[in-house]
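Take a look at this single chain in structure tokens; it is the form predicted on its own.
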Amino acid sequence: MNSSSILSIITFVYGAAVFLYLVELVFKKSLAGRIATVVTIIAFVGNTTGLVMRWVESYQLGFGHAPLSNLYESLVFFAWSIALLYIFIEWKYKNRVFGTLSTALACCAMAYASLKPDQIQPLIPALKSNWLIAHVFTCFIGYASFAIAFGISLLYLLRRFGGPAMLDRLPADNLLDELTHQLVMFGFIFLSAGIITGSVWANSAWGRYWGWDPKETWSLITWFVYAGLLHARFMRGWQGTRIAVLSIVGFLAVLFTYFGVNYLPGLHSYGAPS
């Protein structure tokens, strides 16, 4: 069994976790929630195993590079990052109510990856750099943090504006607001690091730190959206609904940075959907 087969199976394991978290949320079955946590951890371990195996397989093929070089691999790593952060949040806050959306995001990333070519290919010259791991790792930890903040913000707004009664099991509004803020701040730090490492990498690959490539431009736009959110929080005292809305807008910018610009011509075209 190769890494692609394992990762295909893990997609369904994440899906099982989504179902179990939903059962706990709707029917208040704590046993389902405990099983969901175990299943999520199994999915995360399997996701990790698949990434490591793919790395090893690349060396066996003579390419020898981290599994972070194309859309398929980045989606798998995105799912891994979301699962890692969610498991930590569940452990810290002892609350599984965020599990449904978090594992659903990881499952969707894996499912979308399964639609993309999964062959291991040699790196193009621009990607042959030690900055590859640092840049992709920091960006996607940031993206994953923004993704979970998006899920929490969505739940917050649904409850505030007359969502289903089961959302009453969410933590208090002030805790949701603070958790969104913490996740955005954490993601902002990693996104900033990703932009910096990317500019250093760009200088070594293309001889300039910044060239207003579509992905560079939209990364900066995304950075400004979240910088605006943090500024509004710290300097204007914004909380609650306004912060939740900005968090959702920010994640939409993340999605366009990640997927939308792949349809535009630019130096990052190696990430274009196939």
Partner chain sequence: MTESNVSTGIWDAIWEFFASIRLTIILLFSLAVTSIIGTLIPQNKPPMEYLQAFGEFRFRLFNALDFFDMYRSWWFQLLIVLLVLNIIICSLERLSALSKILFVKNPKIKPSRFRKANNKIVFDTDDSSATLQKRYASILKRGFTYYKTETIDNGLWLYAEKWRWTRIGVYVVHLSIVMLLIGSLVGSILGFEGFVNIPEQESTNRIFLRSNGQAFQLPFEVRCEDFNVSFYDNGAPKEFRSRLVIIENGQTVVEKDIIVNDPLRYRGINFFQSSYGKLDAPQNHAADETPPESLDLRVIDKASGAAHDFTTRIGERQAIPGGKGEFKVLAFQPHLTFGGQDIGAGLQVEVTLTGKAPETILLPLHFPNFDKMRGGALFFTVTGQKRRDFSPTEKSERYYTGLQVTKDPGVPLVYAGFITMLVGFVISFFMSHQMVAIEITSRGSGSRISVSGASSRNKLGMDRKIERLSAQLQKS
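These figures come from a predicted structure and were not determined experimentally. Positions refer to the first chain, counted from 1.
Omitted from view is the form predicted together with its partner chain, to which the following refers.
### Query
Check 6, 55 and 160: does every one of them have a heavy atom within 4.5 Å of its partner chain in the predicted bound form?
Contact check failed for every one of 6, 55 and 160.
### Query
How about residue 201: is it within 4.5 Å of its partner chain in the predicted bound form, going by heavy atoms?
Yes, contact at 4.5 Å.
### Query
Should residue 114 be classed as touching its partner chain in the predicted bound form when contacts are defined as heavy atoms within 4.5 Å?
Looking in the predicted bound form, residue contacts with its partner chain do not include residue 114, since no heavy atom lies within 4.5 Å.
### Query
Is residue 221 close enough to its partner chain in the predicted bound form to count, meaning some heavy atom within 4.5 Å?
Close contact exists here: in the predicted bound form, residue 221 approaches its partner chain to within 4.5 Å, heavy atoms only.
### Query
Going by a heavy atom distance of 4.5 Å, is residue 29 a contact of its partner chain in the predicted bound form?
No - in the predicted bound form, heavy atoms of residue 29 and its partner chain never come within 4.5 Å of each other.
### Query
Among 74-82, 115-123, 97-105, 150-158, which stretch has residues with heavy atoms no more than 4.5 Å from its partner chain in the predicted bound form?
Looking at the partner contacts, the answer comes out as 115-123.
#### Entry: Heavy atom contacts to its partner chain in the predicted bound form at 4.5 Å, residues of 209-235 in sequence order
Stretch hits, in order: 209, 212, 214, 217, 218, 221, 223, 224, 225, 227, 228, 229, 230, 231, 232, 234, 235.
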